[in-house]
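Single chain ahead, written as structure tokens, the form predicted on its own.
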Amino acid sequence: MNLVLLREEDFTAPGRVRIQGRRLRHVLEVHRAGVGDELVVGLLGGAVGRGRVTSLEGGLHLDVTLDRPPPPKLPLTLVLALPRPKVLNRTLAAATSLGAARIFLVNAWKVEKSYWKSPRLSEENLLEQRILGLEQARDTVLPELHLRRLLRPFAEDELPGILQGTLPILAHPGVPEPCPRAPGGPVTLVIGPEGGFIPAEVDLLARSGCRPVNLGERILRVETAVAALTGRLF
């Protein structure tokens, strides 16, 4: 946790907060903060600043000053075939920490139906993983997150509008064109499931305006591909 993320309900008075639970445990066990120490803090959806520990009685009490904006989001929309449940948490946290502005989780032929029934798709867990990404990156603004269980209606009806005004990249092994480097401007990046999109899905996404590119000969895990492609594009 590189930033203690605050919520409005943490404030006990203007400029004063009290936190408990996971955040308190982390500050005590990892930061080992005591009275008088300062921590980097930020208000969810708001500014970043410093918090000075004033007491540890009944929780972590801080006097906070929020005086600067969070880091800007990348002009990046991620469209990800829903990963395996145990990979989903890492992928969401990583995409958030990298600064993606919007994330769409979509279906694909190689996405097992059971994935959509996973408790890791609960609203509570999806929020928690994005918050972990914010804390890692010292950010406070959540990326938009949308779930789309049907690929074809999404690709035909919604995706063309999402792609408008962006560089539309579809990462797919085996296609001849390499992924561009730092092209500048907004990007929509589409990444398939482990095993990739099937040919009919690649054709569908290409007809919607996506540009299939490769990242080399190596086949990467989803969370690795997200990081590698984001670093290459931005």
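Residue positions are given as counts along the sequence shown, with the first one as 1. The model shown is predicted, which means the values in this text are computed figures rather than measured ones.
Keep in mind the form predicted together with a small molecule is missing from the figure; the text below concerns it.
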| item | value |
| --- | --- |
| Gly216, heavy atom within 4.5 angstroms of the small molecule in the predicted bound form | yes |
| Contact test in the predicted bound form: Val187 vs the small molecule, heavy atoms, 4.5 Å | no |
| Proximity of Gly51 to the small molecule in the predicted bound form, heavy atoms at 4.5 Å | no |
| Partner proximity in the predicted bound form: Gly165 to the small molecule, non-hydrogen atom cutoff 4.5 Å | no |
| Which of 42-50, 57-65, 28-36, 171-179 sits within 4.5 Å of the small molecule in the predicted bound form, heavy atom basis | 171-179 |
| 4.5 Å heavy atom contact with the small molecule in the predicted bound form for all of Pro193, Gly196 and Val222 | yes |
